[in-house]
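What follows is a single chain, given as structure tokens, in the form predicted on its own.
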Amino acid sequence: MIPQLEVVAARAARLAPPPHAVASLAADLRRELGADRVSTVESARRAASNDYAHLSPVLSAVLPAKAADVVVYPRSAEELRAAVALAYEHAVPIVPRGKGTGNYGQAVPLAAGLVIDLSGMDSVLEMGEGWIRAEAGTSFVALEAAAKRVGQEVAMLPTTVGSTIGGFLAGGAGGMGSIEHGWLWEGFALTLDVVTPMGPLTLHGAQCVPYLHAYGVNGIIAVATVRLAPLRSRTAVMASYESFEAAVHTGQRLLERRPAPRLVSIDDPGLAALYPLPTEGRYSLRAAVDDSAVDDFRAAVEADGGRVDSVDPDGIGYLSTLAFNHVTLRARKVRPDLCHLQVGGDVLVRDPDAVRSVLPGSLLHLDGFRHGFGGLLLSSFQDTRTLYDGIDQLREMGVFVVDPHTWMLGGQALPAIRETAVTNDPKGLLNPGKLPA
């Protein structure tokens, strides 16, 4: 079913604040936080009102062109609480923002209002065995560097390592490390300090789940404690195969290996050619494996009739740019006609040709997870109807499809997200338009 995004956007736009409310809020923010923390300059407002939703031709066509009215740049949890309280007092909608690397329009203000840019809250506060505590604007580059100094690493991180921990928790799902550690809601977040219009919350363990991948509709993450793992030395390895089945067989053996690789990706030849990779029309397999597993990897590739193309101890960063939604970003630079779906399920490896046949010119990308392979199906975008008819067909085949062409929240946690939003935000001013009616 095609989501009625134009209707949702129009409904959210009705919450746009009147000019006098915006002016009063900006004045109060400057008085409370200082003039250097607040901007109403058009270039700043526009920069704070976009994310990577341009990867979707559907979202690009319906996202509002109007920018936020005000941007505020808090440098502490106290300044964040003050900004939220003032916006609520003036009935101005609030959208939290990290680095804007999300792909769904999570950080796009549908009702204009106030964008809170959290990237200035970037301090690592403390860490111990198996955990690190940091402000929401701290990048994964900084988190990983701090963890490595004490012989640890972040258990899971996005391939866009410049992303912030708050943005990833509020808008992400999985990444490098998910083969071993699962998804965000599988124990990655240990504690959250959340700012809501009704006051601050401190959450532990399972209490964090409704605030993960919730786009800030029920509260804004100020500080997070997330899981660390023992630091391991890894090597980037690349192989290629004549058949998809052979590449998948090696990949599945890698997923079962302990210690688990941090990353395993597989691409159709048509995608590998867009990067480009030196696979010469073959299927590409790439993995970040423990140094001790390199010889086993070579043996597994050869046993499956493949060819080892590269072994590079310094290549992990490069491999990360050929995984998850980096694939869409890279592919669209060469072929802007492509659009993507996020897909999962055994049918991807059991009957990949049937999956590819649903949409025109489909190319399949797989990433490893704890329970098997998921990934992306990229196809030539014809029109919205063709795309959503394809989604329906894929789901009928048993493919699990996450729609990346809508900003509206979904998933198993949606009832809990909605319940906490009603409690924490009775005026409905936190990122309006992102919760389904």
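Just so it is clear, the structure is predicted and the values come from calculations on it, not from any experiment. One-based numbering along the sequence shown.
This next part talks about the form predicted together with a small molecule, which is not shown.
The single contact residue among 250, 152, 284, 101, judged by any heavy atom lying within 4.5 Å of the small molecule in the predicted bound form, is 101. Checked against the small molecule in the predicted bound form, the residues 260, 358, 300, 173 give one hit for a heavy atom within 4.5 Å, which is 173. Looking at the small molecule in the predicted bound form, residues 73, 198 and 420 place no heavy atom within 4.5 Å of it.
Here the chain stands by itself, but in the predicted bound form one stretch of 325-333, 264-272, 242-250, 306-314, 325-333, has heavy atoms within 4.5 Å of the small molecule. Although the partner is absent here, residue 95 is a contact residue: one of its heavy atoms lies within 4.5 angstroms of the small molecule in the predicted bound form. Heavy atoms of residue 220 reach within 4.5 Å of the small molecule in the predicted bound form, making it an interface residue.
Mapping the unseen interface onto this chain, residue 388 falls outside it, with no heavy atom inside 4.5 Å of the small molecule in the predicted bound form. Shown alone here, residue 166 lies within 4.5 Å of the small molecule in the predicted bound form, counting heavy atoms only.
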